[in-house]
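Below, in C-alpha cells: the form predicted alone, a single chain.
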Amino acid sequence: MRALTVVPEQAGSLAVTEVPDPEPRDGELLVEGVAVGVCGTDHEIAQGDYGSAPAGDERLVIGHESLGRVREAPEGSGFSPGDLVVGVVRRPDPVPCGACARGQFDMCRNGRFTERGIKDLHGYASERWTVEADYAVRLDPSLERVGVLLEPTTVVYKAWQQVDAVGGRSWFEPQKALVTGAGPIGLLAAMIGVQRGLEVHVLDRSTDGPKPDLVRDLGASYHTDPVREVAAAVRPDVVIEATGAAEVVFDAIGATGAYGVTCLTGVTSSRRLRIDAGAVNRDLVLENDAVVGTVNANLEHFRGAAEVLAKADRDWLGRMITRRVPLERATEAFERQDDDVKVVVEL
C-alpha cells in the first residue's frame, strides 16, 4: 500500500512510498485511511529537524492528525466496521512515570513516551492503518469531511482545561478571551471560547484571505493591531497564544487583566529578544497572573474534543480546510500557499 514517509532527520526525503500492508494484532482495529492533516510538526519532520522511525525501519510513516473508517474490529472492542475514528497520537512510556501510570501520558515526566508519526511509531498517513481499540476515538458520522480536525482540537481543548485548572486556584469567572494567531489552533481555540459563552477576540497579521471572515462568522472580533494595543482595549481575562512568535509570546504574557491566565500552545524557535524582565515579573506577581504551557493530549482530551466538534458548525469547520491534496500528490501539501489555513491529504 502507499504511505507518506520520510527518512528521519534527512531533509528532502519526503515521498509517497510503498510500505507493507498492516496486520492488526490482538485488540487492534484495521482502519481505512480517510484523511490526514498537515501541521507545523509535519513540516519540521519533513525538513529533517527531528523524528525517529520504529526500531529496524529506515523510513517513518508520518501523519498524526488522523481520520479513518473501521474496516475490521475485534469482538468486544466497542467498535464496528464503518465507524468513523481517529487514532490517539501519544503512548505512555513503558516504565511508566507517575503521570503515564494515571493515563496522563500527555504530561510524561521522563520523555520515554512514543508518538504516532513522530517518535518511534509509524503514523497515520497511509491507505490503511491499525490502532489499539483503547487508543481510538469514535466520531459522529456527520464529521466525515472535517473530522481530521479532531487532533488539533484536542490541543486547545486541553489548553482551555489548563486555563480552568490554573484559574480555579481562586474565584475565576472569565468574560473575555484574546487568541493570538488565526491558524488552525487559534481558530479552534476561538471556537471553544465562543462555545463557552466568552467574548472572544482574535489577533493575526492577515488582512485578507479566509481568516478574518472565519473569525467574524464565529461571532468573535478580528484584530490586526499590535498585541499591546489590542490588549489595552480588550483587557482579556484569558490569552491563548497560538503563534509561537517570540515577540508575541512576551507581549501576550503581559496582556491580561488582573488574575489573568495565559496559555502558550506554540513552540518558539531560539531567538534573542530585548525585554523588560522586571516589568514582566512585577505584573505577574502584583496581579496574581499565571502563565502555563501545554502540549499534546490524552484520551480525556480526545473524547472531549470529539464532543466539541460534534457541536460545531460543519460548514464553518469545512471552510478551515482550505486545501485538499490526494495522496499521490501529498508532497504538494508541504508547499506553503498564502491563503492556507489547514491543508489535508486525502487518503
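Everything quoted here is computed from the prediction, not taken from an experiment. We number the residues from 1 along the sequence you see.
This protein has a second form, the form predicted together with beta-D-glucopyranose (BGC), left out of what is shown; the following refers to that one.
This chain appears without its partner; in the predicted bound form, the one residue of V155, V248, V234, L264 with a heavy atom within 4.5 Å of beta-D-glucopyranose (BGC) is V155.
This chain appears without its partner; in the predicted bound form, the one residue of V308, L299, V295, V291 with a heavy atom within 4.5 Å of beta-D-glucopyranose (BGC) is V295.
Residues within 4.5 angstroms of beta-D-glucopyranose (BGC) in the predicted bound form, judged by any non-hydrogen atom, belong to 87 to 95 and to none of the other stretches in 161 to 169, 128 to 136, 141 to 149, 87 to 95.
In the predicted bound form, none of the heavy atoms of A73 sits within 4.5 Å of a heavy atom of beta-D-glucopyranose (BGC).
With a 4.5 Å cutoff on heavy atoms, C39 counts as touching beta-D-glucopyranose (BGC) in the predicted bound form. At a distance threshold of 4.5 angstroms between non-hydrogen atoms, D83 is out of contact with beta-D-glucopyranose (BGC) in the predicted bound form. Of the heavy atoms in I118, some are within 4.5 Å of beta-D-glucopyranose (BGC) in the predicted bound form. Contacts between 61 to 88 and beta-D-glucopyranose (BGC), taken as any heavy atom within 4.5 Å in the predicted bound form, involve only H64.
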